[in-house]
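The chain below stands alone and is given in structure tokens; this is the form predicted alone.
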Amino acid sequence: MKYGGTNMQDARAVRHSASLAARSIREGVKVVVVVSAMAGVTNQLLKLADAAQSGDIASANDEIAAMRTRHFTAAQELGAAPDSDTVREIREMHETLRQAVYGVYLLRELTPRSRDLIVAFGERLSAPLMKLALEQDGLRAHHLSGGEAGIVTDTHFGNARPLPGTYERIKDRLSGLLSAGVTPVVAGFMGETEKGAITTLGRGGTDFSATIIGKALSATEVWGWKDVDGVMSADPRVVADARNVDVLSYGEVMELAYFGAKVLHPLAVTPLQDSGIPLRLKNSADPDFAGTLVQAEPRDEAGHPVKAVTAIRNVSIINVSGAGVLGIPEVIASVFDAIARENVTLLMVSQSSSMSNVSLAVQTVDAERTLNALRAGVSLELKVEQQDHVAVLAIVGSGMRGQKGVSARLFTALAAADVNILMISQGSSELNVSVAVEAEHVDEATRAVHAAFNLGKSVIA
């Protein structure tokens, strides 16, 4: 069972989350609990790290003091005495955090490695609170960091991936606790290198932690507790009649997560695919609602090829053009080599049939790095330009495969809403069609496409 930030945001939320785990444990289910940081804490940690790097140690210390108060208050409200182990651990962790941040301030250098060390404190501080709440509910529990639980990763700080030995290591470390009737509480989002340095798995990585552990222990299911009913047919803040999607395949949910649906880490289902372990996304406010079941095989509804529409905001398009691109494979290779060296994630790629133009969609935060890498790494004859204020909109559904007219419905809906298409991409898997549009029109485009595919109707149930 994985709990997101809103399910850990204060003592009341932690107590409720613990009660959901306790209900299953009392029914005879062995549960591993994986926790996120309290809502807002990850951003707070990133902010204070940046403040320390810029020399504003007073601001960083103020943030640490506010976090300390928040965690102490939660521990106290959960029943921890001032001299308890939980309070002592929280105090010691905040002191270690303060020292790490002071080191960044002295050096005026925030490396990916030190950023991971700092940002992982959010989950490390949540885990003792969940352990305390479970114990107050009459259960035995033991909390561990991701590394202590057995998650060993590569050294790609900020976006680390588990090494093959991780699964056996997790099984060794957690099976004994479960057999002894102790509920492991694991700090999500983090692991450690083989040399013991803390790494993080990327934003939303607590989902990934949970599925890694689920695979290692051959779980019956992995449950992700959220503050929504599951995966919605669109962002309910944008589309009023967005509905819960009952069943999705691994492939479909990966596409949705990749294209901006914030319900899941894009790689979260990858550990489950080989073993076929289902993932269920449930609403902690309505625990008896089935939520969304993610499984190996898609479930298609005749006449409804699209399951959901989603969008990525804050996107830039990088255009590489010129006669030097024309028909020369080495030029295209140099474009992708330059981007790979910078470790930039491409959201979309589109190439003109004449091969005189290649368009790349990237997150705006990566645009300058991408531009500089291309200008340094490709032929001087080529023109490299950046277009900002873009969003990528995608429709996702396995029913699109072999279905005629899906793209036509998409483009007709966008044209009727007077939305200009800047770029188009469709993979051969036919799980999605994605388009780049001007950012100011993305909400309008989302509503138009959602209506065009009748996603507000209860046909997905």
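Remember, it's a predicted structure, so these values are computed and weren't measured experimentally. The numbering used is simple: start at 1 and walk along the sequence shown.
Omitted here: the form predicted together with a small molecule. The next part is about that form.
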Q: Look at the stretches 60-68, 407-415, 36-44, 394-402 and give the one with heavy atoms within 4.5 Å of the small molecule in the predicted complex.
A: 36-44
(Q) Is it true that Lys30, Gly214 and Trp223, all three, sit within 4.5 Å of the small molecule in the predicted complex, judged by heavy atoms? (A) no
(Q) Quick check on this chain: which one of His156, Arg203, Lys171, Arg369 has a heavy atom within 4.5 Å of the small molecule in the predicted complex? (A) Arg203
Q.
With a cut-off of 4.5 Å between heavy atoms, is Glu123 one of the residues that contacts the small molecule in the predicted complex?
A. yes
